[in-house]
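Taking the form predicted on its own, here's one chain by itself in structure tokens.
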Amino acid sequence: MNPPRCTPWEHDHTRRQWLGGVGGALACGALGGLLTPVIGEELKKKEKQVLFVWLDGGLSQLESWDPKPGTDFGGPFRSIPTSVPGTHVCELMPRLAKQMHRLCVVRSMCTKDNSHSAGVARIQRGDPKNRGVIYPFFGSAIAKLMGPTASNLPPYVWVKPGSGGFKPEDGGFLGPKYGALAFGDGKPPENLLRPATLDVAADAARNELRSALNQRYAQRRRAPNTEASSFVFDTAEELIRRADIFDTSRYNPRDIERYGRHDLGQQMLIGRKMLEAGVRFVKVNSYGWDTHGDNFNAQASLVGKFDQAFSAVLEDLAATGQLEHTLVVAMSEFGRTPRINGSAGRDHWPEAWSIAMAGCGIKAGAVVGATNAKGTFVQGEGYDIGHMFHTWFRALGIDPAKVEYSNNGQPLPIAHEDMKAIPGTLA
């Protein structure tokens, strides 16, 4: 017997039912931190979410989670003790050292791709066996398997430096509907707010006309594309109601300082607000981690900003109880070479690197796997990205052995079927 296939969330509730269930609560006002008390409590009880922090280019494991001071390749930085006895991290992460009891670090990642062009996509898709289809990114997979939360906000958003817009390519074979809604520099999409010259009644009439034209347009077009277009407009309606999410002038000045006034700090804070408002999956990007030259000065700056922003979001999620139902992941596409090159840099190194996790379903205070004394290779069993996808899905209550995709009737596994969750990582 084939295992049961996932039931798309959109088949379980009509849009009218969603709006009827949450519209009254949303109308009561936006949060003072951005949530109404009623929805805030419900989300804490019922909704599982994901914060995915992507350090694009390759965080050096030796200057972060797996330091090797005093060795041939260890570099100039010391290691410091953490809140977990016997566990040390690089001195560039003093704040995260105090958060270690909330974290689970896997130090034995051993993946395949040595290039950004292959690694970024493969890592975020989980690298299932090649079946001639393009798999969805992790955020798109969660959008498909879990759907939006009761907030009815977009299920997969991306807070990133640079340009924004809708990124349908993340959806892979699931279709453009499951792509990412990207907020460039953490700012709302252009023309999100209703112009002052357009009153509510006229706006409603205009949207009713748009809906009718969309239905006629959809009759002669492929369903995946027209569904994506309608979905973007529907979720945009909710974003219009929640435009306060982007109003940083309303943020607590103390929070702005705690997270850091740099890009990563401010965008991590916006990411936290997105979670509070009820977005299912929030990806926060940081660029510039490809340190082929002057690695140590670069890492001192980059890791310092990450340490500040990531520790702040962990503190806040823990303080509100939201960490209990939010899976938090911080990672890159690979690590950096132990050997230091002629430009005082570290190159690409998928053979031995680290990932940090916390929150929902994750064993707190754990360090799983190890590298050898010089940090050159994994000592013992190494884990590929497929193992991580099994781990993340199970942490969120999704069993890859029982849930699968359907690609136009073709059953496909949601994670690499020859891999499994990493022992010692799940609560």
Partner chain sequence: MAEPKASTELKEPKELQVLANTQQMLCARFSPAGDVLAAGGMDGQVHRWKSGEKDFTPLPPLPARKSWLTDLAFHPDKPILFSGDSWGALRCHEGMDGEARQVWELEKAHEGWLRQVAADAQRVVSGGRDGAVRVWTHAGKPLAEWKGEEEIFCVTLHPDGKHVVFSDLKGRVRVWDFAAKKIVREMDASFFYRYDRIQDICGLRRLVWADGGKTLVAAGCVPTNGATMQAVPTVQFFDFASGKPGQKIQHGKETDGMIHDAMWHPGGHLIAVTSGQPGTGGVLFLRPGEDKPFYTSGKLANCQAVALHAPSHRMAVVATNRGSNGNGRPPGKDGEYPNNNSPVHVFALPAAS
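These figures come from a predicted structure and were not determined experimentally. Numbering follows the first chain given and starts at 1.
Although not depicted, the form predicted in complex with the partner chain is the subject of the following passage.
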item: Contact at Pro76, Asn114 and Leu302 by the partner chain in the predicted complex, all three, heavy atom at most 4.5 Å; value: yes
item: The partner chain in the predicted complex: contacting segment from 140-148, 319-327, 260-268, 96-104, heavy atom within 4.5 Å; value: 260-268
item: Partner proximity in the predicted complex: Phe296 to the partner chain, non-hydrogen atom cutoff 4.5 Å; value: yes
item: The partner chain contact in the predicted complex: Asp347, any heavy atom under 4.5 Å; value: yes
item: Close approach of Pro338 to the partner chain in the predicted complex, 4.5 Å, heavy atom; value: yes
item: Heavy atom of Ile355 within 4.5 Å of the partner chain in the predicted complex; value: no
item: Among the candidates Asp127, Asp255, Glu351, Glu315, the residue which, in the predicted complex, approaches the partner chain to within 4.5 Å (heavy atoms); value: Glu351
item: Sequence-ordered list of residues in 374-396 near the partner chain in the predicted complex, where near means a heavy atom within 4.5 Å; value: Lys374, Thr376, Phe377
